[in-house]
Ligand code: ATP
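Just the one chain here, laid out as structure tokens, in the form predicted alone.
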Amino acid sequence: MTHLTLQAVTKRFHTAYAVDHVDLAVPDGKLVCFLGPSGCGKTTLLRIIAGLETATSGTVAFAGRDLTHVPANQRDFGMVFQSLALFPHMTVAQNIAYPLRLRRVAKDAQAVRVAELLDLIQLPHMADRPVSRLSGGQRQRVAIARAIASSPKLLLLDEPLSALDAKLREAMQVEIRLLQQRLGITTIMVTHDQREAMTMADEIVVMEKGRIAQVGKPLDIYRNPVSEFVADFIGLGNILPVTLDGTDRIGLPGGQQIIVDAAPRATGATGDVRLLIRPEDVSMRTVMTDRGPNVLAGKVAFIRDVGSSLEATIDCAGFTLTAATTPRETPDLRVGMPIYAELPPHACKLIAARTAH
């Protein structure tokens, strides 16, 4: 069931479009990430949903009710801001209870609800501690508990993890996801971190220049991006300009022709097209006895060693490739050594080239 529906939502500042005719349906009980670079309109769109910004045109509906002109305090949505916006002069319990006080909930009921939420975020022993004395991760949990204290129908998260260090950020990604699944609350989260979106989301909405570039499940978007922009933004990828000659083969920048499973004639690919192959799909061999059309000779130019995995940059004729491997698979890999890179036909995707608009 779809709870949140956006139809032709547009936000214009003078002549500039921050959000440009966005249509979107958010399923009930799912976590959806708005993902994109800075300035792509994702936070503006979230604020329109929250009621903190008014759309220039279009409609916002929730559970069949038109909320386009309903004030933020009447939408019954919870929100966690990038700055968290906790009250430093209050204790943990007082911060969590604040939205309940605004709704004039009885004190006994407030105490019961705060106790439930403290257990939920695993901070029952810190009820009386000032939030100024909490760690970053603890403050994050308190902000979420405050946002869900009044049992909102929709939870909105505006880059809530951006201020955390890398290790804590990854731990909080898992915590928030588990909490959202346990509560079953429909959640929209804004992020510019594709790894964060891939880790947490049921669906990702990739935004580009105020528009939706692609919507889908994380793995679908990673494996089957619809454009060069999406392919480049979601994960690492080898994106190469290619030429089409009307056959089932495509020409690489160095002149070699390769075979792809999704042949140009079958897909109807024409015009300015790119080849995408992910680094983990590039196979490396030091010796190649069977030199097929998709095997390219090259030389290792650079190795990025992160312990459990290796990323090798390979200089081929006219272009470079990045290949991902492990020390076990290629124990003797070193800079300067000759290498054969194999591009499996099923892993080669043809995508639309980036367009200027």
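Each residue number is its position in the shown sequence, starting from 1. Treat the numbers as computed from the prediction; the structure is a model and nothing was measured.
Not on display, but discussed next: the form predicted in complex with adenosine-5'-triphosphate.
> Within 4.5 Å, heavy atoms only, one stretch in 299-307, 56-64, 284-292, 32-40 touches adenosine-5'-triphosphate in the predicted bound form. Which?
Selected stretch: 32-40.
> According to a 4.5 angstroms non-hydrogen atom cut-off, is Glu196 in contact with adenosine-5'-triphosphate in the predicted bound form?
Glu196: no contact with adenosine-5'-triphosphate in the predicted bound form.
> Contact with adenosine-5'-triphosphate in the predicted bound form for Glu228, defined as at least one heavy atom pair within 4.5 Å: yes or no?
Glu228: no, not in contact with adenosine-5'-triphosphate in the predicted bound form.
> Residue-level contact is defined here as any heavy atom of the residue lying within 4.5 Å of adenosine-5'-triphosphate in the predicted bound form; does Glu203 satisfy this criterion?
Flag for Glu203 set to no.
> Looking at the partner-bound form in the predicted bound form, is Thr330 within 4.5 Å of adenosine-5'-triphosphate by any heavy atom?
No, Thr330 is distant from the partner.
> Answer yes or no: in the predicted bound form, does adenosine-5'-triphosphate come within 4.5 Å of a heavy atom in every one of Ala18, Thr44 and Glu159?
Yes: each residue has a heavy atom within 4.5 Å of the partner.
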